[in-house]
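Quick setup: one chain, the form predicted alone, written in structure tokens, and binding and motion questions come after.
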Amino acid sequence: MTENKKSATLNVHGETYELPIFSPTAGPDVIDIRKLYSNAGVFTYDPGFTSTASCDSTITYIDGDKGELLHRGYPIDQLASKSHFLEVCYLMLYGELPNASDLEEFETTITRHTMLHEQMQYFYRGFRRDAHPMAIMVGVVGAMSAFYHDSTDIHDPRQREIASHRLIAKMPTIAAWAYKYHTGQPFVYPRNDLDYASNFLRMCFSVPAEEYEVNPILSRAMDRIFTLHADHEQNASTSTVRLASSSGANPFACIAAGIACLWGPAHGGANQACLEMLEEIGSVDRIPEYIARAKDKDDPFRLMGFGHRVYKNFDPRATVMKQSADEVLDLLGIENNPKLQVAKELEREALEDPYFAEKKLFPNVDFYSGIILEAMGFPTSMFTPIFALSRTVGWVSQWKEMIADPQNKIGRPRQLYLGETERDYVDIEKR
């Protein structure tokens, strides 16, 4: 970020103020308003912070108009098609792609940290069997600070790194055990001879009564889901992690806060909403009716999984995810799954309809990830936990970056107060 010689001029109550302008390496210029209140006595008003940069970062960049998503400068489609999740994790954490020996050491470190402290099983047993897996994940991740005291000092770079490795390594086990507890099956321990995605699938779907072989197509599809959801700039959950960490909270508490935010249906529930929509449509012959409703501006129905709030052109993650969806459906078939039959036909008809092309309402990553997870056998209640698992590396990378930033200060947004002004207390007998 460089400060331009030019500045913005702001007139307030007859006074003129010069505000510095910064130029990022990518994206629009940024007006620096940090001294606006002290100099002019006014705040800015930006609900949702959609026009406000809350930090500077070198991790992820999105250009929604171009349909561009970069991690450390690398396009997401290249990472998802040529790389794998743990290599992307290394890139996110350390800023550069690893060489062969660095990657081997990193993969070994993550693999050797996948087990949970044995006493953490008691936390699971404290929940009702019908507890939502996200409720379990929020509690268990927050409780990690009670078990791993040697990685909670945020001022120690080595402890920050250990905490980062532990969170990335243990999140698949935490999520898989939440699933097992939800279904009433016994917990399955991780194995060091399996890769990250294969380990997760085995911990979710294997049972003691028989051996479980991980299909490489399913493992690759799972790995791509992890990669494509690894980070997404300053979204709601990432901003929550940063705000929590600005107070000096330990890393496990900060990531638990991010999981809690992601649980909101407006954030992490999009792929679940897609499956619920497909279930509502019910059968292929009803698709024309629902497409017509989606085109009717007076009808509240919307096609979930089409278009994106950030990407105004196309979702760059969707192309790779579609490839995985096609591979998984070819492997598992859709003959006995009405929702998947509806999904494939809806995709075909929407892509051929000029209305959707004109409005740039293309299938997004949530549409295809929901299809894949449904085909694999995950219930919709596990969609958001898998999202949280994937996003952990993004949260951790953003947390590490913020802690190391010398400009870091506790978050304290201002407000536009519209309540009562000062008034005197009235005794209860006089009200």
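When you see a residue number, it is the position in the sequence shown, counting from 1. Note that the structure is a prediction, hence the values are computed from the model and not measured. The term rigid core refers to the maximal set of C-alpha atoms that superpose within 1.5 Å between the two forms.
Keep in mind the form predicted together with carboxymethyl coenzyme *A (CMC) is missing from the figure; the text below concerns it.
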query	finding
Check all three, 143, 165 and 250, heavy atom within 4.5 Å of carboxymethyl coenzyme *A (CMC) in the model of the complex	no
Proximity of residue 317 to carboxymethyl coenzyme *A (CMC) in the model of the complex, heavy atoms at 4.5 Å	yes
Partner contact for residue 196 in the model of the complex: carboxymethyl coenzyme *A (CMC), 4.5 angstroms, heavy atom	no
Distance check, residue 265 to carboxymethyl coenzyme *A (CMC) in the model of the complex, heavy atom within 4.5 Å	yes
Contact of residue 397 with carboxymethyl coenzyme *A (CMC) in the model of the complex (heavy atom, 4.5 Å)	no
Candidate from 90, 148, 356, 124 lying within 4.5 Å of carboxymethyl coenzyme *A (CMC) in the model of the complex - any heavy atom	356
Position in contact with carboxymethyl coenzyme *A (CMC) when the complex is considered in the model of the complex, options 309, 128, 348, 155, heavy atoms within 4.5 Å	309
In the model of the complex, segment of 171-179, 100-108, 267-275, 215-223 with a heavy atom within 4.5 Å of carboxymethyl coenzyme *A (CMC)	267-275
In the model of the complex, residues of 286-307 near carboxymethyl coenzyme *A (CMC) [heavy atom within 4.5 Å]	294, 297, 302, 303, 304, 305, 306, 307
Rigid-core frame, C-alpha of residue 142, shift of 2 angstroms or more between this form and the one not shown	no
C-alpha of residue 181 moved at least 2 Å between this form and the one not shown on rigid core	no
Core superposition between this form and the one not shown, C-alpha change of residue 113 at least 2 Å	no
Closer or farther in the model of the complex: C-alpha pair residue 217, residue 350 (3 angstroms or more)	farther
